[in-house]
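The form predicted on its own is given below as one chain in C-alpha cells.
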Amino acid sequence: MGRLADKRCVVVGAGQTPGNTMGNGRATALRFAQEGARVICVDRNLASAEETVALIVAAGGTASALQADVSDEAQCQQLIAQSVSSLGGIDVLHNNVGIGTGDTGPTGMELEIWERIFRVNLTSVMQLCKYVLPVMREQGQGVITNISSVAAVCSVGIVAYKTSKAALNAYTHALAMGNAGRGIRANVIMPGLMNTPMAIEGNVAAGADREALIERRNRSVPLGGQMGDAWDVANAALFLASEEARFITGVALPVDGGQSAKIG
C-alpha cells in the first residue's frame, strides 16, 4: 500500500513547459500516482496533461486529464465539479500554476502584466479553493497544498511575481486557520532555484546561454552548489499530502537548498 493509497488527488498545472527536464507539476502527479493515488491532471494545455497521464498509466498508475484555464472562475468551478463527479470527492488539491512573464522592477511595471500575474498566481488558487472547500468540509477532511516560491521572502528583481507569491503565503495561512476545525490542512511549498523547464527554457529563449545560466544558478545554492529538481518539490508535496503530515498545517516549507536561510 502506498502513502496515498486510494486518495483522490487533483494536480493543477500537471503539464509542463517543453524542455529537457521535468516540471514540478508533472513530477508531483507522477509521485502521487506512484504512492497509490488516483490523480486528475489539470492543465491549460490538454496535450501536455495527457502526456503526464500517459507516463502515469505506463508506470501502472491511475490518472485522467482535464483542460482548464484556472484564471477563469467559471472553469475553476467546472473543474472541481468534474473532479468530484469522476473521483467521488477530492482528498488533495495541489495548486502548481504560476507565471512571471513580463515582470520587472517597480518603475517599469505595467498594470496589465501586474494584474495577469496576480490572476494566475493568486486569484486562481482563491477560485479553486472557493469551490473545493465545500467538498472537503462535507467530507470532514482534505489537504490543500499551494506552490509559492522563495522569491516571496528573498531579494529578487521581479516585483509582481514576488508580491503575488508572498500574498499566496498569506492566503494559505488564512486558509489553514479558517479550516483547521473542519479537518482540512493547508500548506505552501516555496521552491528555490530549480532545474525545471519553466526556470530555464524561458531565459534560454530570451538569449541566455544554457550552460552559463545553469552554472550561475548552481553557484547561488548553499547546499552543495547545485539546484534542486522537480522531484524535490514532488517529494515535499507527497509528505504534506500524506498522513505523515497529519499534524501539520499553515506552514510555508522552503525547498531551496538553504537559499532562503542565507543572510548576508
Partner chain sequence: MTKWSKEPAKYYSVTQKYEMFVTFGNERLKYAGVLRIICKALNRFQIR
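Owing to the predicted nature of the structure, the values given are computational and were not obtained by experimental measurement. Positions refer to the first chain, counted from 1.
Note that the form predicted in complex with its partner chain isn't included here; everything after this is about it.
Trainee: Looking in the predicted bound form, any heavy atom of Ala151 within 4.5 Å of its partner chain?
Mentor: Output for Ala151 is no: heavy atoms all beyond 4.5 Å of its partner chain.
Trainee: Taking heavy atoms and a 4.5 Å cut-off, does Glu50 contact its partner chain in the predicted bound form?
Mentor: Yes, contact at 4.5 Å.
Trainee: Taking its partner chain as it sits in the predicted bound form, is Ile40 in contact with it (heavy atom to heavy atom, 4.5 Å or less)?
Mentor: The answer is yes: Ile40 has a heavy atom within 4.5 Å of its partner chain.
Trainee: Decide whether Gln78 counts as a contact residue for its partner chain in the predicted bound form under a heavy atom distance cut-off of 4.5 Å.
Mentor: Close contact exists here: in the predicted bound form, Gln78 approaches its partner chain to within 4.5 Å, heavy atoms only.
Trainee: Pick from Gln139, Thr101, Thr104, Gln82: which has a non-hydrogen atom within 4.5 Å of its partner chain in the predicted bound form?
Mentor: Of Gln139, Thr101, Thr104, Gln82, the residue with a heavy atom within 4.5 Å of its partner chain in the predicted bound form is Gln82.
Trainee: Work out which of Ile214, Leu66, Met198, Val221 lies within 4.5 Å of its partner chain in the predicted bound form, going by heavy atoms.
Mentor: Here the answer is residue option Leu66.
Trainee: Only one of 58 to 66, 229 to 237, 206 to 214, 22 to 30 gets a heavy atom within 4.5 Å of its partner chain in the predicted bound form; which is it?
Mentor: Checking each option against the 4.5 Å cut-off leaves 58 to 66.
Trainee: In the predicted bound form, which residues of 186 to 210 put a heavy atom within 4.5 Å of its partner chain?
Mentor: The stretch does not touch the partner at all.
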